[in-house]
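In the form predicted on its own, a lone chain appears below as structure tokens.
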Amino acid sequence: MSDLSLRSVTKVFYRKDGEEVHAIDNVSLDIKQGEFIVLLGPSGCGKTTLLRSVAGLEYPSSGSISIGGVDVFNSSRRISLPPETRRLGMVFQSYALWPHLSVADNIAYPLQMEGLRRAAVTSRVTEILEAMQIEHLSKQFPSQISGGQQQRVALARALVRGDSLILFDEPLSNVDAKVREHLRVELLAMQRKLGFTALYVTHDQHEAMGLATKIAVVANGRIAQIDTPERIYRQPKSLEVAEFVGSINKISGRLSSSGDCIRIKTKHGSIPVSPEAVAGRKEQEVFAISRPEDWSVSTETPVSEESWRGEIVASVFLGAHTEYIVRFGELNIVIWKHKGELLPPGQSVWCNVKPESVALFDQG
């Protein structure tokens, strides 16, 4: 059984001129117990509206939502349970901590609202404080602790009831990069330890890649693709997904085959591609998509006729790799090189791309 199931969920807003805006457009999604699903997309794509609909903070126009096999929203059956009865936790972007309550009292609040006895509340709060390694902050107030510590408190409050489903609305966006990286590791460790199901919203691709068992790329209110982070990155099912996730080089050309040799012919040279990338296409105009790390750059004259000769117009050392922008006529290609001497702008170079790394998408 799915821990969370959405069927044909749609949310329509109306502008002042009466125009319909589909913030969520016929979305269906199943999330199994223990999965960590990340909704990834740009601002305004509908991911937060989808999360808020699951939480009960938005009222969808149609469709159904069930948690643990129980309908919490069903437009045809006129079911819409209030947020407090949906048996889920939520971590907000703004933390949403009570400023007049101590850390311990903030965490205890959901248990107190359920009417648990004081001894049971104290025991559970102590347990979650220790699990989150913030027991030393129990008597502090939100204004007295850092942003990263506040985020730990917000997470502890979401987990304290032991709900199987936890929603996250860009919870790490307000902390600095180092703290964000540390909290991400902590969050994964907590999720594996407690086994809760997570639905997480972010526009940060690195965050999505580092957390998700599956990423759902959201575009224009729809799920454009849902898959493992590796497949989303390496096997995008549409040009839209390829252009949004990571950095790409997009080159226009014409597919051509001669015997076992398959190439994309462009005005700058030819690009070899694997038979798997062709997918039944005949000679036609296509976009060849490749990642910067799949290109090589060298000052040595190659023997391969597929090598392109260009000129470095920019080179930036970024620690883990060097980023080059190489110009071929009016076309610029981004290349990441992980080792070797830093090549200066103006240097003439030869470049190649791995055939198996090239994905093709139809033009038009």
Ligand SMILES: Nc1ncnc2c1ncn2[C@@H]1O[C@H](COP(=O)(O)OP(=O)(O)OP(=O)(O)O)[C@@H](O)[C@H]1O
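In case it trips you up, residue 1 is the first one in the sequence shown, and so on. Whichever C-alpha set is largest while still superposing within 1.5 Å between the two forms counts as the rigid core. Just so it is clear, the model here is predicted, and its values are computed rather than measured.
Absent from the display: the form predicted in complex with the ligand. The rest refers to it.
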Quick one: from D294, E181, E170, E243, grab the residue that has a heavy atom within 4.5 Å of the ligand in the predicted bound form.
-> E170
330 to 338, 294 to 302, 36 to 44, 59 to 67: which one contacts the ligand in the predicted bound form at 4.5 Å, heavy atom to heavy atom?
-> 36 to 44
State yes or no: in the predicted bound form, is some non-hydrogen atom of L342 no more than 4.5 angstroms from a non-hydrogen atom of the ligand?
-> no
Looking at the partner-bound form in the predicted bound form, is A23 within 4.5 Å of the ligand by any heavy atom?
-> yes
Considering only heavy atoms, tell me if H203 and the ligand come within 4.5 Å of each other in the predicted bound form.
-> yes
Evaluate T48 for contact with the ligand in the predicted bound form, applying a 4.5 angstroms cut-off between non-hydrogen atoms, and reply yes or no.
-> yes
After fitting the core, E341 CA displacement of 2 Å or more between this form and the one not shown | no
Determine whether the C-alpha of E19 shifts by 2 Å or more between this form and the one not shown once the rigid core is superposed.
-> yes
